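Okay, so here's just one chain, in structure tokens, the form predicted alone.
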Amino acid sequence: MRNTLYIVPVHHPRLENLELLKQALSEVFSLHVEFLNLELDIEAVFNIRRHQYHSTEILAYLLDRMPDDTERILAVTDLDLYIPILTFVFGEAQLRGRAAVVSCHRLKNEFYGIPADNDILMDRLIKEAVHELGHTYGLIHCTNYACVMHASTYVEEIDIKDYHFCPACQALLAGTEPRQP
């Protein structure tokens, strides 16, 4: 039976933030949430020309190594992520799949030259994790600016949305079934 959402720390995300993320994801998705340690060779997903890490390759790694009881698996990293068609991504997920990844790298105030604020980082991390996991349940980007499924190109867009689903996305989420292998 698949009933666990695994959080996989990749390359030193803050541990105190992961505990708070675990609580938030358990509340939002009503799932048992556990940490899972997997040894990802980050050099294997590093692009030397971009000086970034390929998020799609991280997803493939997660899918190859997830336990049998995995409902969903989420990697959390401080690495700067990309996909080939974009300059960067805050995260990536398989649409109607089981794996997602989110990065703290561009969620931190320090990236933009302003003082660090862990409360803001935590708020952004939860929203992006819920957003990416929403994609794994088949949700696409929402036009409601306050909905967690609204697309975010900039951190300012993350800051104005909530970490919950709007009523329309919540209804869609309630009607989804986990993807079968």
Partner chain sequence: MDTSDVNILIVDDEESVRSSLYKWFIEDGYTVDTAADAKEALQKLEKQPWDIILLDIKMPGMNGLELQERIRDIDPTIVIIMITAYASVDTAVQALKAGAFDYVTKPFDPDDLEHLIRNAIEKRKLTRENLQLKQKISQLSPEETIIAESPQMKHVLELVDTVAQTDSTVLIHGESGTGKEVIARTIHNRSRRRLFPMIAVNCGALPESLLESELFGHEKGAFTGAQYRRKGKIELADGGTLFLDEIGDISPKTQLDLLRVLETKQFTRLGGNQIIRSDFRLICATNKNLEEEVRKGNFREDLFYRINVFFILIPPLRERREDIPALAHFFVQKYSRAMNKPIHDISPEAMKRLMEHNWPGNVRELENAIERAMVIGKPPVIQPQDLPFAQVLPFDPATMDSDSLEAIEKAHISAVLARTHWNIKRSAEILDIDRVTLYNKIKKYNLQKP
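Positions refer to the first chain, counted from 1. Keep in mind that what you see is a predicted model, and the values were worked out from it rather than measured.
We do not show the form predicted together with the partner chain, though everything after this point is about it.
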Stretch in contact in the predicted complex with the partner chain, which is absent here, among 22 to 30, 37 to 45, 115 to 123, 134 to 142 (heavy atoms within 4.5 Å): 134 to 142
Triplet 129, 146 and 170 all within 4.5 Å of the partner chain in the predicted complex via a heavy atom: no
Contact of residue 151 with the partner chain in the predicted complex (heavy atom, 4.5 Å): yes
4.5 Å heavy atom contact, residue 50 to the partner chain in the predicted complex: yes
Residue 73, heavy atom within 4.5 angstroms of the partner chain in the predicted complex: no
Contact flag, residue 111 vs the partner chain in the predicted complex, heavy atom cut 4.5 Å: no
Partner contacts for 76 to 90, taking the partner chain in the predicted complex and a 4.5 Å heavy atom cut-off: 83, 84, 85, 86, 87, 88
